[in-house]
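Only one chain is shown below, in structure tokens, and it's the form predicted on its own.
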């Protein structure tokens, strides 16, 4: 009985994590060819043929990829700069504990605070107007619900940067990079050479799987772009949800198809990428 319980738990976990998503993919595929869903009336390929004439999905994918890469790239750069440049503060001061504070905040709550802070009717806009920096509230720069996704990027950076900083700090200590630093200094290398040639490659190589998963998580985030984004362009998650929730049921097969293409494409890219990063992280 003691040996059966872990197997049952593992089987249940596998069903939830692997089985249900695969069942959802299968249902979406069947729905996209007219074999499932409220309008199932027999096999048809017209939704697949129409996909090539709809640039919305491609534009949403490119926009989401750009936002995700910029957000994770900025977070990675800031986290590396902090870990490589402020080891004394991270080890002895309260800075390390403060990094946990943003992680306690739900993403939707953070997005709401940023909207209140950065919108043209928000706190910074009103302070800027009262200080005479802008002639009217509408003259304040568009930082949320903007076409460039500045608010979305900022929200993800505020959530991802502390997480990556904690990750890099753990890797730094686990890899005993302080000992390598002393060794390289003994051999005549400068502090900058140690950071560029020893610490930076090691940290990035060990953290590569997590960086990849963080990019995918940002790519598929829903609550932050829902509040801080605009109707067009849309992030992938908002684009798919909008299509699935339309009142016209005739749109459902196309929405199933879009969801299947996105999920399938991410799986095709993610599995070999994770294998590659894990192999080179050792």
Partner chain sequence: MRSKLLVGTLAVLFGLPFLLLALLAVGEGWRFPAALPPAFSLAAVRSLLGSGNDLLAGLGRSLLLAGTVAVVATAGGFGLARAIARSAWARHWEVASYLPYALPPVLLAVLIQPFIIRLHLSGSVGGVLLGLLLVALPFATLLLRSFWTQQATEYEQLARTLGCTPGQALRQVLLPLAWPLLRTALFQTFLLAWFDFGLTNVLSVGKVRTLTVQVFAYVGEANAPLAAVASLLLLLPPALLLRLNRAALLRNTP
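Just so we're clear, the structure is a prediction, and the values are computed from it rather than from any experiment. Numbering follows the first chain given and starts at 1. Superpose the two forms; the largest set of C-alphas matching within 1.5 Å is the rigid core.
The same protein also exists as the form predicted in complex with its partner chain; that form is not shown, yet it is the one meant from here on.
The listed set 182, 173, 190, 116 contains one residue whose heavy atoms approach its partner chain in the predicted complex to within 4.5 Å, identified as 116. Proximity to its partner chain in the predicted complex, taken as a non-hydrogen atom within 4.5 angstroms, holds for one residue of 213, 51, 40, 61, which is 213. Per the 4.5 Å heavy atom criterion, its partner chain in the predicted complex is contacted by stretch 82-90, the sole one of 196-204, 82-90, 182-190, 67-75. When contacts are judged by a 4.5 Å heavy atom cut-off, residue 95 counts as touching its partner chain in the predicted complex. Using a 4.5 Å cutoff between non-hydrogen atoms, residue 227 counts as a contact of its partner chain in the predicted complex.
Put simply, residue 24 is close to its partner chain in the predicted complex: some heavy atom of it is within 4.5 Å. Shown alone here, residue 47 lies farther than 4.5 Å from its partner chain in the predicted complex, counting heavy atoms only. Residues 82, 85, 86, 89, 94, 95, 96, 97, 98, 99, 100, 101, 102, 103, 104, 105, 106, 108, 109, 112 are the ones in 74-112 with at least one heavy atom within 4.5 Å of its partner chain in the predicted complex, listed in sequence order. A movement of the C-alpha atom of residue 271 falling short of 2 angstroms is seen between the shown form and the other one when the two forms are aligned on their rigid core.
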